[in-house]
Ligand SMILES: C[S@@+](CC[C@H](N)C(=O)[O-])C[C@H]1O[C@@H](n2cnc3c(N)ncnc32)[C@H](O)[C@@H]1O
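What follows is a single chain, given as structure tokens, in the form predicted on its own.
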Amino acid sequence: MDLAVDTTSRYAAARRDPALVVLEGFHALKHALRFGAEVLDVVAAADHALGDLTARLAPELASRIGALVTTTVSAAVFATLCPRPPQTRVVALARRPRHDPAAVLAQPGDGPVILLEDPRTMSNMGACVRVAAAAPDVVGLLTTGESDPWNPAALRGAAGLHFALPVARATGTEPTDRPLVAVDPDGDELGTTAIPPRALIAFGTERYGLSDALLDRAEVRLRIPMRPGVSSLNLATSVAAVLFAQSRA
């Protein structure tokens, strides 16, 4: 089979394969490798030097990236591999790790787990993963609803940081001893009430907020103070604000 056709069909099939993920851009590849991803191969456009990118952006990964199977294709072929080809002109295939939501909730230590209830916008979901991965004590991120948190658009928004912490879809009914903290406009102002250790911190959609079922189970309700007339914040911004307040406390 022609190399260009084989590469295009292989990456198209990978997007439909629940066991694989497509890493779009050098930053996604870099983060995935730093956090233990099993990267299967890399494709780079001929007009971009992978070695130069590695030396400039991740020199500590030079030997690992150099050992990967790398295919070089024309810019025209590369453009067929992603809906929005990354500026770094690099994509890669990796195996998707599988995480049991119950095991995520049962992890030891005082760090929180983030729960996104039925998120709708995949790029926003990816940004939430990126924020959670940056927080030093978050031990996992769970979502409910139909959307897969490993959706390609979510992976693109997270820049490969799905591999930095367990990310999984849950039913929302898994038993847990974690105290449920609901981020809700009718809650106590953020910073006035302590977030308990091992919290499960729940965020709803920007339009509808959290469901009554989750709110009824919450041990603590917190609101992010905002200027009057502003009805909501971007979901990832809300996650960042709560985690920052928790870290400062």
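Here the structure is a predicted model, which is why all the values come from computation and not from measurement. Residue numbers here begin at 1 and follow the sequence given.
Although not depicted, the form predicted in complex with the ligand is the subject of the following passage.
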Query raised in the report: For the chain shown here without its partner, which stretch in 29-37, 184-192, 62-70, 48-56 has non-hydrogen atoms within 4.5 angstroms of the ligand in the predicted complex?
Result: 184-192
Report task. Name the single residue among Leu214, Ile224, Ala44, Val220 that comes within 4.5 Å of the ligand in the predicted complex, judging by heavy atoms. Result -> Ile224
Report task. Please check if Ser232 has a heavy atom lying within 4.5 Å of any heavy atom of the ligand in the predicted complex. Result -> yes
Query raised in the report: Taking heavy atoms only, is Leu180 within 4.5 angstroms of the ligand in the predicted complex?
Result: no
Query raised in the report: With the partner left out of view, is Ala199 within 4.5 angstroms of the ligand in the predicted complex by any non-hydrogen atom?
Result: no
Report task. Check each residue of 205-228 against the ligand in the predicted complex and list those with a heavy atom within 4.5 Å, in sequence order. Result -> Thr205, Glu206, Arg207, Tyr208, Gly209, Leu210, Leu222, Arg223, Ile224, Met226
